[in-house]
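Just the one chain here, the form predicted on its own, laid out as structure tokens.
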Amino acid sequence: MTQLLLFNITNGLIIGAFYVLMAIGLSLILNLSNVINFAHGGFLVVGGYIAYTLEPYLGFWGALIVSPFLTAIIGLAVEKTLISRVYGRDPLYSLLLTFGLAFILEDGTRVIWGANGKPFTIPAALAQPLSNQFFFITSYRLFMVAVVAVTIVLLFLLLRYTRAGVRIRAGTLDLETVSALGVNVRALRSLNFAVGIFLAGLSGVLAAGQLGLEPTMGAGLLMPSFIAIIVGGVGSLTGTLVGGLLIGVASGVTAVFFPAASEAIMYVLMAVVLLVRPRGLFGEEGMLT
């Protein structure tokens, strides 16, 4: 029982890491631009498939580095041509736009790479388990957690100590004042959107190595990522981090005792948090009003 519990907690942490990386990208875009990006899962898939295409030429490490940047460039082009047109409008417009864009991205991957799943090869050294006793903890799983941790730390440092990061944080609180101070808000939103999509692309590469590739893989990670934002609190990146890990571990532990409820537990957890603290664990009251 102890080993089974450890196995599921480990799985929960791995899945929670995906949720965190996805949810923080979503949260960045939502906090600054008030855009509910339902296409975020589609960009995850695009990032994974780009890595799959580049791997024969650049290898795993080259694809891991280049693919998120290419995904961010695609996201920036989408933001410039489509998303920017709904800034300042009711969030429903962005929800409908990105909802349709999600289907376009999913069908686009089917047209380009086919409807069948694709394998994404990871280095043999990363595929080895740590030991016979902990066969379920592979080097790749630890590598994924390390990449997520380093990425989140670098993001928080960027937001805290760089001029662009400080402007993004200020814009989430009062975008009109930031604009009045002479900051190019449109460029700031574009940069912020590109960073969010970069995180989605990185999630796609990491997920591809663990789960393989299929056009619908982003949809399975999208809703839990939204739940992570709600549980942690809209407007709080720290809350999003905690929320993603919390629902991942909760799902893993629940799978030991009530396997049928392993997916439903995240919705139960969200309902409990909202009943006790409607703004989320770390959220600020009236963030979206």
Partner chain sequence: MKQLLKLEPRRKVAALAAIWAALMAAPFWMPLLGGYTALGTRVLVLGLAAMSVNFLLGFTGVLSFGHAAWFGIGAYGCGMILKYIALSTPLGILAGTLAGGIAGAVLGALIVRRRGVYFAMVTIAFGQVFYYIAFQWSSVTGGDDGLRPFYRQPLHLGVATLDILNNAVAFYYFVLVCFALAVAAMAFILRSPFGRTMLAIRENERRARFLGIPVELHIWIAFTLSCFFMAYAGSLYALVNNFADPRGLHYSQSGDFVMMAVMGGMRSFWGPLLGAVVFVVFQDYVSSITINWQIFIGFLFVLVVLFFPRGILGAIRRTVVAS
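Residue numbers count along the first chain shown, from 1. This one's a predicted model, so the numbers in the text were calculated from it and none came from an experiment.
The next section is about a form of this same protein that is not shown, the form predicted together with the partner chain.
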S251, heavy atom within 4.5 angstroms of the partner chain in the predicted complex: no
Touches the partner chain in the predicted complex: I36 (any heavy atom, 4.5 Å): yes
Close approach of G16 to the partner chain in the predicted complex, 4.5 Å, heavy atom: no
In the predicted complex, L245 touching the partner chain (heavy atom, 4.5 Å): no
Interface segment, criterion being heavy atoms within 4.5 Å of the partner chain in the predicted complex, picked from 185 to 193, 205 to 213, 169 to 177, 106 to 114: 106 to 114
Output flag, W61, A63 and F120 jointly within 4.5 Å of the partner chain in the predicted complex, heavy atom basis: no
Answer option from A127, L95, L158, V145, heavy atom within 4.5 Å of the partner chain in the predicted complex: L95
Listed residue that, although the partner chain is not shown, lies within 4.5 Å of it in the predicted complex (heavy atoms), from I152, L76, V86, M217: V86
Those residues of 254 to 268 which, in the predicted complex, come within 4.5 Å of the partner chain by heavy atom: A260, E263, Y267
